[in-house]
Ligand SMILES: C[S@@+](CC[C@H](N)C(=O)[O-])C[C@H]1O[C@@H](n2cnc3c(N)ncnc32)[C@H](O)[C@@H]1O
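Given next, in structure tokens, is a single chain: the form predicted on its own.
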């Protein structure tokens, strides 16, 4: 699986096909990273979230991991152009779950439009690896595509998913055939869902999870919230 072929085109493709929708999903829970000093971003892509987060939290340090060398190179170039000091951001070319973060080294884990790339058996290993790197009270921000539970919204989302997975499997050799729900895996590693926001008829979701946090603490499950 490699996104190298998409690397030169990813930013403009996202802009044309989704506008600002994906970035709004990525940043829906940005403020919940307040106070996080070490942030791990898995599947950093072109670094859109990295740059926004680095500007918002100038004292934070970032570790960005991506299996695509071409994507990672562009993320690093964009980060340097944005003025992010080399000492604040390191970039690791590695494939999960083969790469393992240092145990409990991070205050936050970020997986934006990343977990949906893995089939069920691989996803379990990926979540396990990332969870091992998360501290005892770590925040986990997640945004991704989703399938609503019922109605026209569900049928619409299933059709879009089928088209997306078909295209990505052909272009990038993506191994996943469909979306695998990550919630049970996150819960199994001690994370609690504090809030979920959705958009586009439930097609997009943005979650905030906290390890050991109280369920539903103040954030709510607001539809169409970004």
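Residue numbers count along the first chain shown, from 1. None of these values were measured; they are calculated from a predicted model.
Quick note: we don't show the form predicted together with this ligand, though the next part is all about it.
- Picking from 128-136, 77-85, 146-154, 105-113 the stretch near this ligand in the predicted bound form, with a 4.5 Å limit on heavy atoms, gives 105-113.
- Heavy atoms of residue 73 never reach within 4.5 Å of this ligand in the predicted bound form, leaving it off the interface.
- The closest heavy atom approach of residue 26 to this ligand in the predicted bound form falls within 4.5 Å.
- When this ligand is considered in the predicted bound form, residue 91 lies well away from it, no heavy atom lying within 4.5 Å.
- This ligand is not shown here, but in the predicted bound form it comes within 4.5 Å of a heavy atom of residue 96.
- In the predicted bound form, no residue of 128-155 lies within 4.5 Å of this ligand by any heavy atom.
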